[in-house]
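A single chain, nothing else alongside it, follows as structure tokens in the form predicted on its own.
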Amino acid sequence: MATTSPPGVGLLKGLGVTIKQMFKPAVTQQYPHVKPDLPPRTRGVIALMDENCTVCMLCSRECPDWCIYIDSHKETVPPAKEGGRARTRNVLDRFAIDFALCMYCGICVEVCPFDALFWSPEFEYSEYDIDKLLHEKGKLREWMDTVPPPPALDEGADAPGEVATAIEKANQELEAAKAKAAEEARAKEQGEQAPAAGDAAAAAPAEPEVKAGEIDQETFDRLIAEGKSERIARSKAKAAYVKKEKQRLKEQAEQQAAAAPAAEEPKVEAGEIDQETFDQLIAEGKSERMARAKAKAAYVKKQKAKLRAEAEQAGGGDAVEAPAAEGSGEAAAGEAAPSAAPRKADIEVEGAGEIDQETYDALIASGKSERIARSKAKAAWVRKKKQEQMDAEGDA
């Protein structure tokens, strides 16, 4: 026969438990004023690293709730190396997860082959409207900042290849930045210590210009005698000629500066052309525009030489031979030398279409093309005819 407790014993036991717990401290966390202390790998929400996503669609296909939505487009990527083939790649336009449907199974995180999806401990994303639980890639990327770093590797383990490469690249960029900063500081210090040297360098005279084309025969013969090829000997002889000409021009300029101050450069109004230079360039096959431009420059040079000669004669100096104009091969005569022979530019030759057969044959024999040989032979014929007329006038 079952024994029964007197009435009221159960009530007293319950009151005893209540009284006992009444004097113990409370263990309830006052959320949201007190945040919960969650484990580091808490599965709160799914975050997206969109830079790693290749739009392979594995996460969307494997999702049992079909709550992942992905849109993309294709772009053509230029070849990495010259001559390579261009390739196409998918570019992510939209990545959205509807957390009203998600059951937090984590399959999408597991199947992602490029580490684009991660678990974040973030959990405070509740909404009053169910439609607002559809989060786009911008919000998913923000949650990526709350993802804890991966656990440290075991002692002695090798880092992944991409991690090691990234660390090495970052170290190289840091070293390059430090070296550049040190170089700039050193250059600044040197510039402050020696300002006079910089001023002297800035005030140094400009390097004289020498038109290449001629060769230094002595250098050419020496290199040929040493067994060098004609091409190498010619190129080095050209460089030697330019070097010698620059040195000669420097010495000449220094002598002129030491002898007397430079006279004021005479001004000549451009517009006229030097007919001899124009005819010669046309005979060589140059275009009319180029021939006219160079003939204008030659006219200005000749007029300047003429004005210099007149100024020197008026100043009581001896008659000085004017420098030769480019392309003429003869000295420009001014009023300072009235007895000089007439200039070639003042002589007109009829029949400028004839050619000098000797020059033509020599150029063809040397391997020049027929067009170049014919143009140069025309110029040679014109020069010979003008020289003949000048000689005839001189004899008369």
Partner chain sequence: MSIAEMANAAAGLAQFSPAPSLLEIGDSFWLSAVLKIAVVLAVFFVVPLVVGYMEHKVMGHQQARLGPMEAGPHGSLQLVADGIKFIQKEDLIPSAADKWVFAIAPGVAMVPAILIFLVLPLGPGIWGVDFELGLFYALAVGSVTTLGILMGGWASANKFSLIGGLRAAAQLIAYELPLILAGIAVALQAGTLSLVGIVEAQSTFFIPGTEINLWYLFPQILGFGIFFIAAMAELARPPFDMPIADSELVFGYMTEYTGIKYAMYMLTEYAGMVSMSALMVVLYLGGWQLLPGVPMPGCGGSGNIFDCNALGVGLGVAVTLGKIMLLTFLMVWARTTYPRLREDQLQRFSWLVLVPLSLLNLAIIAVAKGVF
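Here the structure is a predicted model, which is why all the values come from computation and not from measurement. Residue numbers count along the first chain shown, from 1.
There is another form of the same protein, the form predicted together with its partner chain; it is not shown, and what comes next is about it.
The shortest heavy atom separation between Q21 and its partner chain in the predicted complex is within 4.5 Å. Proximity to its partner chain in the predicted complex holds for none of M57, T76 and P79, with the criterion being a heavy atom within 4.5 Å. Contacts to its partner chain in the predicted complex (heavy atom within 4.5 Å) from stretch 13-51: G14, L15, T18, I19, Q21, M22, A26, V27, T28, Q30, H33.
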